[in-house]
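Before any questions on binding or motion, here is one chain by itself as structure tokens, the form predicted alone.
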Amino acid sequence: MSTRPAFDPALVTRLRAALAPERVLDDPAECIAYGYDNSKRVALPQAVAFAQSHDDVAAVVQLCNEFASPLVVRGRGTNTTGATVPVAGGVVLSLERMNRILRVSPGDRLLECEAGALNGDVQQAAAPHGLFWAPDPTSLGYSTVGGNLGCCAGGPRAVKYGTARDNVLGLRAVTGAGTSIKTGCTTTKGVVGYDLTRLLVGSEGTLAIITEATLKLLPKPQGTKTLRACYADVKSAAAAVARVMNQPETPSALEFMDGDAVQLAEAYRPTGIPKGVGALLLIEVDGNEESIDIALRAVTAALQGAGLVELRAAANADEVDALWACRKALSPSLRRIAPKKVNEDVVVPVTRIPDLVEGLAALSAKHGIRIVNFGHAGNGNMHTNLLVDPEDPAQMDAVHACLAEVFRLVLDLEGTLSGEHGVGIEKRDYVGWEIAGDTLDVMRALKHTLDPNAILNPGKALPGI
């Protein structure tokens, strides 16, 4: 973890002169609210600044360079990896007031907004034009576009429509050196220059601070159909996932729950799942009136196969809610049985899902840690939950050892350590397991080019920066 450099109080005076006195906080009682995120980690910043424009951001970055102060950009703090916790102190720059929708161009299927705009507000602005933005994280009602881009958020419909990186056309940003840049373009095709847009998306505020984004919008489907498929075991469910993904009609959601997750959810709220189910898939297909039934028939056929216990389709909104009830009951059921859950979003090839779940069961038995799995099966993105009691030192020691073996297992299965949550602090020390040293050196060189004084979000994303 980064050590805290000395903080010069004169920086607060300069920040107040550059922004406005009321837009800079330095009272610890006021700053602490900007010292934590959904990872539950906490670190107190020495100051919090509120930007209202791109030029404000540039001014803050330039001042932090002048004073060699760490600078952490923040949206609404919904991330789970500690990516916005100011572990090195310094200044937290909040973009929550930069929340304007700047332009909607339905004919070009794009929307321009400031980084502090909420995902939900983007959806509301696009909806009257029959459009939507693809990323749909659970936190879409209160997470910002900048935060979604910073960690490359996805969600259930990423299986069909892609993640944040696939749905952004261009950015406006300020590098760690204080240079204003504009990346990408307003068209879906463009190969002029290096692709700095994709470089910044997922970089967790370590290279530059995104201030505005040009988002690619998609036509909103006219309808959605929902299915729930129950299987005797994980292997049968994974085989069904592979069949579904290998036919032309891609579902808009393809969610997975292992047998333990199903049992916990059913114990919390009975939803009619047959007894003895070893895995469950929740599937949605979408489209217009002419195409949706074709897609439904194709996906239904692919779901048929060895191990299928029950296949149900929803005929109306109430039945849709009933089919999703088991999945929605899972999170509260996990909170009831364990005061702390370590939620990892690892990814493996779809065909390796059975190997992953089998390996996780072995690690659960070895370390005495209950592990429950659910996630976005269509792209192999598994949310692996290690359930522990933080008041039990033996369990906390065991969970760290278990987590390291979970990551080794994922990499042995040709997977990756994060699909949509990002790296932050939580996975930083494991990045070298996945990325070779020479490649990491190239990444560190990019960091030095864009952030020569290493002020942006120190101690995050990559080891040794």
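Owing to the predicted nature of the structure, the values given are computational and were not obtained by experimental measurement. One-based numbering along the sequence shown.
In what follows, reference is made to the form predicted together with a further copy of the same chain, a form of this protein that is not presented.
In the predicted bound form, R14 stays away from a further copy of the same chain, with no heavy atom inside 4.5 Å. a further copy of the same chain in the predicted bound form comes within 4.5 Å of a heavy atom belonging to E434.
Interface residue remark: Q62 is not counted as part of the site for a further copy of the same chain in the predicted bound form, having no heavy atom within 4.5 Å. Although the partner is absent here, A242 is a contact residue: one of its heavy atoms lies within 4.5 angstroms of a further copy of the same chain in the predicted bound form.
Of the candidates K340, R97, R370, R109, R109 is the one whose heavy atoms come within 4.5 Å of a further copy of the same chain in the predicted bound form; the others do not. Out of the listed residues R312, R335, R297, K366, R297 is the one that sits within 4.5 Å of a further copy of the same chain in the predicted bound form by at least one heavy atom. For a residue to qualify, one of its non-hydrogen atoms must sit within 4.5 Å of a further copy of the same chain in the predicted bound form; all three of P219, E290 and T449 qualify. Looking at 275-283, 155-163, 355-363, 390-398, the stretch with residues near a further copy of the same chain in the predicted bound form, meaning non-hydrogen atoms within 4.5 angstroms, turns out to be 155-163. Residues H376, N379, N381 are the ones in 364-392 with at least one heavy atom within 4.5 Å of a further copy of the same chain in the predicted bound form, listed in sequence order.
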